[in-house]
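Okay, so here's just one chain, in structure tokens, the form predicted on its own.
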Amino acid sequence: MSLTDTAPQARRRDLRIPLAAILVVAALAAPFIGTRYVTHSLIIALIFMLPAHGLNLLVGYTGLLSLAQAAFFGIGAYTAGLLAVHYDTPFYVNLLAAGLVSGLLALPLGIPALRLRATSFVMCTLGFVIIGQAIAKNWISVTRGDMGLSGIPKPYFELGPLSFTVTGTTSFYYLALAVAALGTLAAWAIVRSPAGRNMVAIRENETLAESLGVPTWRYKLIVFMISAAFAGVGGSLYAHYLTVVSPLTFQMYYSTTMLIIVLGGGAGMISGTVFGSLLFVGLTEALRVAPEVRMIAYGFCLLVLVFWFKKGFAPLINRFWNAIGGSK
């Protein structure tokens, strides 16, 4: 018997770092690989990734099903648009203000809503979307009604004596990529913190968590506000990209899209939200050039999801990630 037969099996090489490097390079090189429309599709996916991260904190980690993300997304878009049009504020001010206003408005809305249970809470959050759209349509002196806010400037930054404007699809892609990366990092930090563990405890058994001293209602309210802030930041980015905001920003389609991203990607997993955004938003946007194929592909993805990946695609991604991790 040779020494090689008796020696322990060699540990396989860890391929996760090389793969991560490839993905980073691909993300940075994407505008130069695909067409301008593909870059546009990726921008939309990155924008929707932000409210989806917020919804994942609420649905995936705390166990609260909400349809209100479109309302806070629209509030953030209008906040950024109004500040930019009337006060000519820099992009980063609008971004922070949009998240702050959306998060603060979630406080008075969440206090009564979170006292409801299950279906009643879902219906209440749906009402927020309907009310938001009605206000956007009828508060004409501020929102300009169905005409919407137009002429929202492209993002510009003022850093002391220096100032510059983000123009062009490629430049905006890198801006959206940076904001989405920061949002992903923030969501990861939240779920890895002790607060994140308490959120999971509430999701698994709220009564038990409360008996152990976790202030469950307060946690749910804070997560609801953080989720709204994520949506507001995404709405600000959306307004500055399209340079126009209308009551359609509050449409229910956006809430369902964000919910599909979370559930389809894998609720309770950060990687699922990232993958779901690219798949369910980026792919459908890219297929707008072929409308006869677009909805067929979208429906096929949903069928595959329902029948074969009931927990979303994230568990499959995690298994693949662990498989290339150099286990014995």
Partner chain sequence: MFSTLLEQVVNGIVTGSVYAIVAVGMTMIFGVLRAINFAHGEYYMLGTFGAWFATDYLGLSYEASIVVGVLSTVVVAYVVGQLVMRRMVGAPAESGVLATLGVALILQNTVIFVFGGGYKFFSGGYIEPVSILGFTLAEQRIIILVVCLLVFVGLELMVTYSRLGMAMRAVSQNVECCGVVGIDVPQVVLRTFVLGAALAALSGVLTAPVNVSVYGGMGELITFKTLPIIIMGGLGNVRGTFVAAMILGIAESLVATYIGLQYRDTVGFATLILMLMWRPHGLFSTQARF
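Positions refer to the first chain, counted from 1. Here the structure is a predicted model, which is why all the values come from computation and not from measurement. Rigid core here is just the name for the largest C-alpha set that superposes within 1.5 Å across the two forms.
From this point on, the text means the form predicted in complex with the partner chain, which you will not see here.
Here the chain stands alone, but in the model of the complex its contact with the partner chain, taken as any heavy atom within 4.5 Å, falls in 134-142 among 80-88, 95-103, 152-160, 134-142. If you check the partner chain in the model of the complex, you find a heavy atom from every one of L65, T256 and L302 within 4.5 Å. At the 4.5 Å threshold, heavy atoms of A118 reach the partner chain in the model of the complex. In the model of the complex, at least one heavy atom of L263 sits within 4.5 Å of a heavy atom of the partner chain. Interface membership of V179, defined by any non-hydrogen atom within 4.5 Å of the partner chain in the model of the complex, is ruled out.
Heavy atoms of M252 reach within 4.5 Å of the partner chain in the model of the complex, making it an interface residue. Interface residues of 117-149, taken as those with a heavy atom within 4.5 Å of the partner chain in the model of the complex (partner not displayed): A118, T119, S120, V122, M123, C124, L126, G127, F128, I130, I131, A134, N138, in sequence order. Annotation: Cα of K310 displaced by at least 2 Å between this form and the one not shown, core superposition. Inter-residue distance, G299 to T284 (Cα): increased by at least 3 Å in the model of the complex versus the depicted form. Compared with the form shown here, the Cα atoms of L55 and F300 move at least 3 Å closer together in the model of the complex.
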